[in-house]
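In the form predicted alone, a lone chain appears below as structure tokens.
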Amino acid sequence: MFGVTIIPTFLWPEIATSACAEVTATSRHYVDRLFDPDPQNVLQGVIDMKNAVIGNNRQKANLIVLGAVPRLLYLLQQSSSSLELRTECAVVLGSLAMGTENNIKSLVDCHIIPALLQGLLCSDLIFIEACLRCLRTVFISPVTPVQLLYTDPTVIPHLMSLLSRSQHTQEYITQIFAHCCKVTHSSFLGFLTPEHQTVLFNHGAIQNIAPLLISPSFKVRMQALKCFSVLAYENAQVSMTLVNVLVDGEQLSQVFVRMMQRDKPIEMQLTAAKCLTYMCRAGAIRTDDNCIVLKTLPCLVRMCSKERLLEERVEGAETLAYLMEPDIELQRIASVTDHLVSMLADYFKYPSSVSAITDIKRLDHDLKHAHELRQAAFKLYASLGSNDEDIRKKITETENMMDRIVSGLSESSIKVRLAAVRCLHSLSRSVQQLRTSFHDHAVWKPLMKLLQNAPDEVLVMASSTLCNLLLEFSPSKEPILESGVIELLCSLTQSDSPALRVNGIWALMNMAFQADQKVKVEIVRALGTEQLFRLLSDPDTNVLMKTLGLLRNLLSTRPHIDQVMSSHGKQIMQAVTLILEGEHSIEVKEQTLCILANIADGNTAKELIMTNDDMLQKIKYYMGHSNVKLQLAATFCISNLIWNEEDGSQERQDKLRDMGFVDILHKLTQASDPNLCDRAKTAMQQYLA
């Protein structure tokens, strides 16, 4: 029914010499018994094998090397095998799967998944439960390709139909769903693809799993809850549906709220908080809803306390960061809840010398995973400080915070480095912090080092932060300039990633703002005219806008305007023409007309416009455009061309009068927009002076 064929008896595999040393005579004896002609002896052999492998990873590995798996799968699929034998085979396979990741890989390579899925078509409940238990163990391993669950379209509906058979089937199936429902990125910084969520949703996952939230079994309730958290993540369709679901007459959101009560197990509180967080972020629950403000947020803050286990603190902090990321009010509430900002400082001191951990295994685990706490703290600080100046100040004043960020930028873990630079980026939005903490700790140095050799994800965040450090009021701007950053930024503009191209050109735009001639010349030289004009035809509007912004900053102050236009005037005028003639947004065309207005302010550069009748006609067209922003920018351009105090103004005024510009200006003095009206009147006064 699932389109799975019975696996034939396998020949004995060739065993490598090194593996042979590990294989004992006892292990071979267990496998030999699987081939006994007497079915009763085979059954007893499988039962003995089951007892031998419990808790013995070496024995499991030996049996796999000796080829036990293909034979067990063959016996499991044979219709002539007794139900007891088939069930015991499934139990042994499940035990083998509980060994190492290499064991799982071997089982998957032997096609265990299709064989077990085929077994689910049997009517015997005990056999079904054994197959599901083994499938659960295989699928929760990180090395198992989850796509194997979705290969045959009949599998998911059949699993849904088995949910009602027993509490065991409910526990195993929901656990399989929770682990196999992955939301993937289609490309770098691209869109999330909810393919698995959609399949489960379309086959009635919500209706079938919702009643399990009030099951008498804690394990069933817990796995059902985990299912809903993965189904709702970044999924508006699922989240909007969940809001309207009733469980035993009670709204699902209220069921989740009850599960967050302090007397419930921590795992349940945390997972219920994740469900409500994801529903809120997907737009199904308002951020000011009581269930978010009074229940979910405080629950997640509780998870950050030092009384909680490391993994609970990590998950709590990361979920809280995600919940409040787009909402300034939630950030403000969180910042004053249970001293959260100072509580997070403990994440960097863990485990401390006076740690209460007495379990040596737990201490060893936590030492290996302490970097996850630092990563989570940086993420939460980044989210807390993304909008509010007072919160940013509170964060930077937390003990040794800036030193910790600087250390985080050079940690061995790429995830910690990324979280640290996210935190730095969030704080860099503050003018005050740029002028104080950032300058005092010379954060630009480790940031520049990070930019030299990092994955794209880190580069995007690091270059975004650099954009802020290059703003004109930042004391870091000068030392960054002296460090030779221009070449690096120009190389970013050639990236395949639109986000990196935007950041590279954005940083150059900030650098060129009110810069001296030397810096501007160096930018044009390093970028090269070919690349500059390639960026002016970039398909990404953000890249185009920032490139126009750079050009506008390069063409400011008359000596600079005249110098740039004397070297590159022809190409710049061509680029302006192409943009004004093309299918571009109002914002792009407005920025382009502002560049023309700057050119018109040059002493010699303005002649490039005055001698170009085609360009003058375009300006005339935009003065009569229906959009006020474009009218205003075009009028600025004419105003600069006819300004009285400059050489040749009379000739320019005469030419523009003959072309009908005075008539248009006269009409614009009656415009309803006050700014446009004033600009037109100012221009008209040049003719009357």
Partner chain sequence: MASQPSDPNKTTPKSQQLFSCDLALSEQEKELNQRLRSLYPAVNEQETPLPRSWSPKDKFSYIGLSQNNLRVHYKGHGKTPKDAASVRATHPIPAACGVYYFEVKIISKGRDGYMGIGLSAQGVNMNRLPGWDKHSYGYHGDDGHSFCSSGTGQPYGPTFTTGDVIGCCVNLINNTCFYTKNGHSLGIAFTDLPPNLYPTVGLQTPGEVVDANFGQHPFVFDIEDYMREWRTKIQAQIDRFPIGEREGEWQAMIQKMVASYLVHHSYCATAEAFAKSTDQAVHEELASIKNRQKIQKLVLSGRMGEAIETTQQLYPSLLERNPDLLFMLKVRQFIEMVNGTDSEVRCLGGRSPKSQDSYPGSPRLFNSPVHKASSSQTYQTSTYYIHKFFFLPAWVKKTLPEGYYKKRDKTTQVSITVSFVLKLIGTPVLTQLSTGPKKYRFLVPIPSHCTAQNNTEVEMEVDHFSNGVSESSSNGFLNGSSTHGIDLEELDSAQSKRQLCGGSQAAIERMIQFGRELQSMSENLRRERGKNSANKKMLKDAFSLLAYSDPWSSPVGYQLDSIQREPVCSTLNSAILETHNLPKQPPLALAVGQAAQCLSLMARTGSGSCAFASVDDYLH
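Residue numbers count along the first chain shown, from 1. Because the structure is a prediction, the values reported are computed rather than measured.
Same protein, other form: the form predicted in complex with the partner chain, not shown, and the subject of what follows.
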- Let me know the one among Lys368, Lys518, Arg262, Lys361 whose heavy atoms come within 4.5 Å of the partner chain in the model of the complex, would you? Arg262
- Counting non-hydrogen atoms within 4.5 angstroms of the partner chain in the model of the complex, say which of Arg435, Lys449, Arg558, His339 makes the cut. His339
- Which of 138 to 146, 287 to 295, 435 to 443, 613 to 621 lies within 4.5 Å of the partner chain in the model of the complex, heavy atoms considered? The stretch 287 to 295
- Although the partner chain is absent from this view, report whether Ile333 comes within 4.5 Å of it in the model of the complex, heavy atoms only. yes
- Query: How about Glu583: is it within 4.5 Å of the partner chain in the model of the complex, going by heavy atoms?
  - Reply: no
- Message: Under a 4.5 Å heavy atom criterion, is Asp496 part of the interface with the partner chain in the model of the complex?
- Response: no
- Contact label in the model of the complex: Glu307 to the partner chain, heavy atom within 4.5 Å: yes
